[in-house]
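This document starts with one chain, in the form predicted alone, laid out as structure tokens.
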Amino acid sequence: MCLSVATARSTSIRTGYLFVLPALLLLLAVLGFPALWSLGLSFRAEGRDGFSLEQYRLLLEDSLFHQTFWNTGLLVGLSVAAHLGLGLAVALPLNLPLRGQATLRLVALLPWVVPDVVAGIIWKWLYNPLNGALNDVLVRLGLLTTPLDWLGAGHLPLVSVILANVWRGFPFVMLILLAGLQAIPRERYEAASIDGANALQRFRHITLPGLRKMLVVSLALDTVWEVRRFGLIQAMTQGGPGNLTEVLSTLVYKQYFAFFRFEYASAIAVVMAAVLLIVSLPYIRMISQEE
């Protein structure tokens, strides 16, 4: 009897692997092979075969890469922080039994539905110094005396891209945190209210501890997503003016498809992958502990 149960279980496991095999092979073909090919290219010198660390040496010496890495850090850090703050601020009222709750949630999710490129084009139009809606509204309200060239020069281009990115990406974090809020038992809030806890105390001692895992998940996933952000920036500025809004994703694109420096672009991509792996470690560790 035990032997037959073990045989059936082994057959079931093999059948499960067979069902997963086509998807696994497709994943390896689409992602695994290009990743390994890029890794190999990154350890080659341009025009020569054989193992070489030349591309990584060039990265360390390249001032453009240093500026791009700094721009990426600013974009990711400020965007993720704003996504967490704004996402939580919107998720809290959406978790309450409000009238028209479904409609409000749908409206809050709309920016996330807009494709990256479309969002970039919309914000590029809003920022237009001649006929953009943003300058017109700010001048009418008396907040500006003359229109600003938001995507022109100085620190404004990167700040403008970050603002557009915050609008585009906060619903993703909001949705994760809203799911976490709905998982917190209402009885805890009722018991705390009976004990005399005010709203701030309930938020500090019930909401935040209850959202701990969801905060880690949203922080890790949003950071990974923002490091890879490409379409929005490419549509708005293409990394310009100059290199003021250049980030790692747009730099890799230009090195690959504009300058045809495949080895150098591969080295940048490998650095990006290493950064994403480091960022993902807390999330991976948390998932592993749960399993």
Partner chain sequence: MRRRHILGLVLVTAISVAALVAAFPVGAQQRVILRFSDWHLTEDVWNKSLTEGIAIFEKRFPHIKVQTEPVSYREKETKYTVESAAGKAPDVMHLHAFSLPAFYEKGYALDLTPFIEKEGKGFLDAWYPLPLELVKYKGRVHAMPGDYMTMVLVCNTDMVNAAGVSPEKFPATWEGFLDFAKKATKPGQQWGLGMVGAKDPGFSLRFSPFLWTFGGDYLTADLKRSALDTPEAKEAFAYFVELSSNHKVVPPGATSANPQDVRTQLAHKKIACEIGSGWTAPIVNKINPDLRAFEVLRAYPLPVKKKRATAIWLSSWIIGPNTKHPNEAWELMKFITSKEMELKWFKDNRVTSSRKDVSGVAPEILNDKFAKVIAAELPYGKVEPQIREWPEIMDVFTGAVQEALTGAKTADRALADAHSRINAILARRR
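Residue numbers count along the first chain shown, from 1. Just so you know, these numbers come straight off a predicted model, no measurement behind them.
Only in words, not in the display: the form predicted in complex with the partner chain, which the text now covers.
Chemist: If we define contact as a non-hydrogen atom of the residue within 4.5 angstroms of the partner, is residue 143 a contact of the partner chain in the model of the complex?
Modeler: Because no heavy atom of residue 143 falls inside 4.5 Å of the partner chain in the model of the complex, the answer is no.
Chemist: Heavy atom to heavy atom, is residue 43 within 4.5 Å of the partner chain in the model of the complex?
Modeler: Result no; residue 43 lies far from the partner chain in the model of the complex.
Chemist: Can residue 151 be called a contact residue for the partner chain in the model of the complex at 4.5 Å between heavy atoms?
Modeler: So residue 151 counts as contacting the partner chain.
Chemist: Closest heavy atom of residue 52 to the partner chain in the model of the complex, within 4.5 Å or not?
Modeler: Taking the distances in the model of the complex, the answer for residue 52 is no, it never comes within 4.5 Å of the partner chain.
Chemist: Could you list which residues of 126-151 come within 4.5 Å of the partner chain in the model of the complex, counting heavy atoms only?
Modeler: 128, 129, 130, 131, 149, 151 sit within 4.5 Å of the partner.
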